[in-house]
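Single chain ahead, by itself, as structure tokens, in the form predicted on its own.
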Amino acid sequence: MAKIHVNAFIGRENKNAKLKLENNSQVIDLLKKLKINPVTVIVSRNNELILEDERLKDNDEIKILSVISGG
């Protein structure tokens, strides 16, 4: 099966990751591969928030930012 390439910026680690994923992978698959709990982050593509079930495309530029909550 074909692979897609995704570039992800991981905010809490301040690093970039280049990943190969299966074609038709979703955001949740990316987070699982990076061992990131989806409840703790927001994900954006082209400065627009995307949900866990959003399909990723080849050469996507993804930002994964930590959610900060206070009380």
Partner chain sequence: MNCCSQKPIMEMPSGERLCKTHFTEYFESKVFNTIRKFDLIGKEEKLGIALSGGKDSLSVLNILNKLSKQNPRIKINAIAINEGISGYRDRTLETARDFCSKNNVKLHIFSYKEEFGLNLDDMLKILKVKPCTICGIFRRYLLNKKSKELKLTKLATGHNLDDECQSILMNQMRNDIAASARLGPRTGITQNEALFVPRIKPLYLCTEKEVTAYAFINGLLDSFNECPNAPQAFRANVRDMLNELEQKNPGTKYSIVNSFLQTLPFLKEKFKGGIINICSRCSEPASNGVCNACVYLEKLKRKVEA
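Residue numbers count along the first chain shown, from 1. Computed from a predicted structure; not experimentally measured.
Not on display, but discussed next: the form predicted in complex with the partner chain.
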| property | result |
| --- | --- |
| Partner contact for Ile42 in the model of the complex: the partner chain, 4.5 angstroms, heavy atom | yes |
| Partner proximity in the model of the complex: Asn7 to the partner chain, non-hydrogen atom cutoff 4.5 Å | no |
| Lys20: touches the partner chain in the model of the complex, heavy atom cutoff 4.5 angstroms | no |
| Contact of Glu52 with the partner chain in the model of the complex (heavy atom, 4.5 Å) | yes |
